[in-house]
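Take a look at this single chain in structure tokens; it is the form predicted alone.
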Amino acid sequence: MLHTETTPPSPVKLSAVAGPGQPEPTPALEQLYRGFEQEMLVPLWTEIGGLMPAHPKSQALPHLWRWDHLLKLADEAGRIVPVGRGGERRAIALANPALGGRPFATPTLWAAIQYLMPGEDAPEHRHSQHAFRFVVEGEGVWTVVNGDSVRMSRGDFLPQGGWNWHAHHNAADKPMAWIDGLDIPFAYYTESQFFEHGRLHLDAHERIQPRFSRSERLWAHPGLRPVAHPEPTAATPLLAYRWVDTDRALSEQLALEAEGYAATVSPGHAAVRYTNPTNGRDVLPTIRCEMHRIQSGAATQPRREVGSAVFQVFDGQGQVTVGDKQWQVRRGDMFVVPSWQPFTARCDADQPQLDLFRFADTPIFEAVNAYRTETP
């Protein structure tokens, strides 16, 4: 019996269409396009508008998630969904409505609410994706990174470079929630992910509750670097940036502004960036993290930039505008600013301040010299 090899249908589909910059539709052009389809070829002239637009056109949309809604659903999950090997974490990701239902806040950034019940352990694992935790409320959970126990409390920012062992345990008598940020979508699209299971349970000596982790005792001294560790590291070795320090830095910027010194981004808008003490760069190679404070009645300058960002309201109330969307926001609410969408935030006049935690993919674009920003 003679067997003939069949060619599967080509996913490339081309149509001769009249239009600016397009060749005149003819039978010969249609025949040429069939040849392109058969050989898996796509001519630039049919795709240039999408591949090379005049400015970035993000696949993501501006979107807002209400913290009280997230917290309610996370609490229900806490009573229904166990934490253990398999699911690994009770983490519920924000899914941008324009990204096809994938658990991606933006094309490069993952954001999730993680929830741990009293006495629970989240098992140990490690992954190549870079990550952080940010606490908008609550305390009692300890994250253990490579055996170093790190306290988690309101306002604390806890970064963690890729491929470090980490687990969590809740030593309190009530649940605790926080947000996770990772570069999972970036690693997914670049096909660079690695993951490895660790221990199911922590050792007894790792369940200690020191006020300061070993990493803080070594690295959390402003302007002072341990001589025993002279080499720069890709990700920060400091595992906790405490709210008391962040709050003071923001307050002092605004106080200096009031005294007539140039200390703020714009009038009434203070901001700090979390940095790696070994090189002064971003805490993580792929993620930039900042805290912004806007004084009562003040607003940020309109701004748009290449790359996407996710914000969480840490405190206060105000109005944010992203592209053509506008929302009134309050503590815990999270929203997305897609690439090249204009953004502004204003603090309500009856509020002392509006504090916004922000993380973005800016280091990726700076690394390839593709970052651009504009203040209209």
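These numbers come from a predicted model, not from an experiment. Note that residue numbering begins at 1 and tracks the sequence as displayed. By rigid core we mean the largest C-alpha set that fits within 1.5 Å across both forms.
Not on display, but discussed next: the form predicted together with another copy of the chain.
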TODO: Spot the stretch among 116-124, 170-178, 247-255, 133-141 with residues whose non-hydrogen atoms come within 4.5 Å of another copy of the chain in the predicted bound form.
DONE: 247-255
Open item on the list: So in the predicted bound form, is another copy of the chain close enough to residue 199 to count as touching (4.5 Å, heavy atoms)?
Closed with: no
- [ ] Please check if residue 44 has a heavy atom lying within 4.5 Å of any heavy atom of another copy of the chain in the predicted bound form.
- [x] yes
Open item on the list: Residue-level question: is residue 324 within 4.5 Å of another copy of the chain in the predicted bound form, judged on heavy atoms?
Closed with: no
Open item on the list: in the predicted bound form, does residue 85 come within 4.5 Å of another copy of the chain, counting heavy atoms only?
Closed with: yes
- [ ] Heavy atom within 4.5 Å of another copy of the chain in the predicted bound form: which of 313, 309, 60, 345 fits that? Just give me the one.
- [x] 60
- [ ] Can you tell me which bits of 251-271 touch another copy of the chain in the predicted bound form, meaning any heavy atom within 4.5 Å?
- [x] 252, 253, 255, 256, 259, 261, 262, 263, 264, 265, 271
Task: residue 64: Cα shift of 2 Å or greater between this form and the one not shown (core-aligned) - done: no
TODO: Examine residue 327 after superposing the rigid core and state whether its CA is displaced by 2 Å or more between this form and the one not shown.
DONE: no
Task: Threshold 2 Å Cα movement between this form and the one not shown at residue 18, rigid core reference - done: yes
